[in-house]
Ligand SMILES: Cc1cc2nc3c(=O)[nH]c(=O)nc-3n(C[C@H](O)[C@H](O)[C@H](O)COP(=O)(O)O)c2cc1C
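Presented as structure tokens, the chain that follows is alone, the form predicted alone.
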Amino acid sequence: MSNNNLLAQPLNLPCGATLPNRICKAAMTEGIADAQLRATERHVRLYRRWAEGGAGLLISGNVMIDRRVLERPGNVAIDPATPDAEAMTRLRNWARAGTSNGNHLWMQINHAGRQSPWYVTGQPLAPSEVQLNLMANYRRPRALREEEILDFIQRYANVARTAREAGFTGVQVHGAHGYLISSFLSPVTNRRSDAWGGSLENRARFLLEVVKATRAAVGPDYPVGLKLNSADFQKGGFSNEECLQVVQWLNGSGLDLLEVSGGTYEQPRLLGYTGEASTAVDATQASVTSSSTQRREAYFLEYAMAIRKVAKMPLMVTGGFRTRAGMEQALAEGSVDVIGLARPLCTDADVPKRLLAGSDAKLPDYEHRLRLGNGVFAPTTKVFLFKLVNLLGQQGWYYQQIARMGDGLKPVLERGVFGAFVRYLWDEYTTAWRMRRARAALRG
């Protein structure tokens, strides 16, 4: 291994923990919990495989603080605060497998907020009653009462405490992509007139209190990370300028790693897509682009460079990295401290191992062929629906690879985007049906 291989350099975190290298398997929703929303043997097999792949840090998919409001069927949920003995055993098995190669495994903690589909949630909960209008998949949320907000702050902290007790080596609070914390930050979805809405200081209060409570719950020597939108890319939404101010407020909160991301379900920039034109912010208003932007691989690297100027904690960017040269450049110029990889590890878990050995081979990338049509269309509603089929089909394709890895099987690369879309819908609805039957049995 070359001495100048920046990817192989360890990273000392502010809390005193050390990541063995600069590659992170970023969070991806797994959807493989059992009907009682507990971890399973599929988590054990999946995360042992990713640990063997060589990344210094693995971050789990969403672990929910509220089993009533899920991101999708098959989420793990830790609610109430103290899991029973069987649930704790399952979490410990997951943590043990996910750290089996001397690497870190952090639990991502989340609440879906208004972005919880109707087939898993009877009543979404959000800062305000602003409905997500997307394929008629989401019900109007109920606005949270203040006592519920205070309860949720403690739930994040309690899940973090449980993660530490179970053997996870850190946690990441999910504050991006339009979920609950993110929706508090955005004026589009937070229309409250109390202490939790209005000014940016009030809209950021929930996030800052969650981070504060989480740090207090796990102590000063345990890694706490945060995923935060650089911008929502949505008209009237959380802006890059507001993000920079929030990062300054976070500087004194004891964060160990800030992952820079962006977008919501309406504007899924995290997946490389622009949503409906009527809600999108013009690129010249949304970004901090420079003349080199188009040459960069990562979706949010330019935003990370701007955040770097105000942030005192280490930074991570996920999305778009496909070459070792691009990753090394981002590290060398100081834009980021950790490289996040997601989709490439769904089809080849050994990508980090090869990168650390100095491989210059391009990472696996199937997005170019997982599309219907040639991608050049006029901006009409029909085209947006066409984009949704592409988007959900691509997501479903990768979800299916994750599930196969959890079953100890090899990926199936031949399935096209339409077949993946149909299978995605089938899997989501049947998993939700099994969950409902299990809940009914428990009530009975």
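Quantities reported herein were computed from a predicted structural model and do not represent experimental measurements. Counting begins at 1, following the sequence as shown.
Keep in mind that the form predicted together with the named molecule is missing from the display, and what follows is about it.
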property: Partner proximity in the predicted bound form: Gly61 to the named molecule, non-hydrogen atom cutoff 4.5 Å; result: yes
property: Non-hydrogen atom contact Arg139 with the named molecule in the predicted bound form at 4.5 angstroms; result: no
property: The named molecule contact at Ala51 in the predicted bound form, heavy atom, 4.5 Å; result: no
property: Proximity of Arg322 to the named molecule in the predicted bound form, heavy atoms at 4.5 Å; result: yes
property: Interface segment, criterion being heavy atoms within 4.5 Å of the named molecule in the predicted bound form, picked from 122-130, 214-222, 326-334, 172-180; result: 172-180
property: Residue (of Leu341, Val188, Met305, Ala166) lying close to the named molecule in the predicted bound form, criterion heavy atoms within 4.5 Å; result: Leu341
property: Selected contact from Gln108, Asn103, Thr264, Gln115, since only one has a non-hydrogen atom within 4.5 angstroms of the named molecule in the predicted bound form; result: Gln108
